[in-house]
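The data below hold one chain only, encoded as structure tokens and taken in the form predicted on its own.
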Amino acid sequence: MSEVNNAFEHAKKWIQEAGAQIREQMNQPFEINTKKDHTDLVTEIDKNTEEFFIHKIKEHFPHHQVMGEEGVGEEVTSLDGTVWIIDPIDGTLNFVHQRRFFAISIGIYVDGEGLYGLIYDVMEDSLYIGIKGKGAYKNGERLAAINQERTLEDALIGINNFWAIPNKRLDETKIHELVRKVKGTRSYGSAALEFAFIAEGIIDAYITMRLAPWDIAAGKILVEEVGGITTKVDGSEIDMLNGNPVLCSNKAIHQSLLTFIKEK
């Protein structure tokens, strides 16, 4: 077994072990803090979970780099070699307020190429896996290819309502046009789960203006393995070392969606 395949096998075990620990810890009192503003939360469970992964990775693969949301890992400035990109709890606001709709996300990249993506819906006990060139799976069952006959009028789009009100990033009038055109919109509050739901066919696209690499790393692999595409909102390639405005969808509606997303 190659080292990266071995890393993937460990990741599958560790992500479910971490999920079990979160389910146990969430019923006990825990500390909640804010980061950028009152909607951007971090808990001690986020940090504990990230530390759990870093300890495991460094114990078994000491030369691998780890990029994590909570800053417990290294400052990764290059994707050379093997890099784990981890979000210990994606959807912390949901975790704190709803106790559901949050996930653990792990992307394993080698020399800048995403080889394995794992997204674990903790409360549903559902594990999504994308394997470069070998498909995407939910709980071991292969996910079907995305319906490339879908039209924009038939599409269900994941988008935060924030982008439909006056803001500094998007022309909200174009978003109003988009909302009127598509079949419907949804907001789940977890980027990782939005990617997973596109791969599963639950929604057809996801639009947001500010995702960090750990929000994207696993989901991008998962979606690509069912025939989807992830780009910046201008159609250019995702930067896996920095933040991105993101459009993820099936290829049939991707170009059409780009025409509605105009940055200010």
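Sequential numbering from 1, following the sequence displayed. Please read these numbers as outputs of a predicted model, since none were measured by experiment.
The same protein also exists as the form predicted in complex with a small molecule; that form is not shown, yet it is the one meant from here on.
Original post:
Is there a heavy atom of residue 225 no more than 4.5 Å from a heavy atom of the small molecule in the predicted bound form?
Top reply: It does not: once the small molecule is placed as it appears in the predicted bound form, residue 225 has no heavy atom within 4.5 Å of it.
**OP:** Verify the contact flag for residue 135: yes if a non-hydrogen atom of it lies within 4.5 Å of a non-hydrogen atom of the small molecule in the predicted bound form, no if not.
**Re:** Judged by the heavy-atom cut-off of 4.5 Å, residue 135 is well away from the small molecule in the predicted bound form.
Original post:
Taking heavy atoms and a 4.5 Å cut-off, does residue 50 contact the small molecule in the predicted bound form?
Top reply: Output for residue 50 is no: heavy atoms all beyond 4.5 Å of the small molecule.
Original post:
Could you tell me if residue 210 has a non-hydrogen atom within 4.5 Å of the small molecule in the predicted bound form?
Top reply: Contact check for residue 210: yes, within 4.5 Å of the small molecule in the predicted bound form.
**OP:** Indicate whether the candidate residues 19, 106 and 121 are all in contact with the small molecule in the predicted bound form, with contact defined as any heavy atom within 4.5 Å.
**Re:** No.
Original post:
Of these, 113-121, 166-174, 88-96, 142-150, which stretch puts a heavy atom within 4.5 angstroms of the small molecule in the predicted bound form?
Top reply: It is 88-96 that comes within 4.5 Å of the partner.
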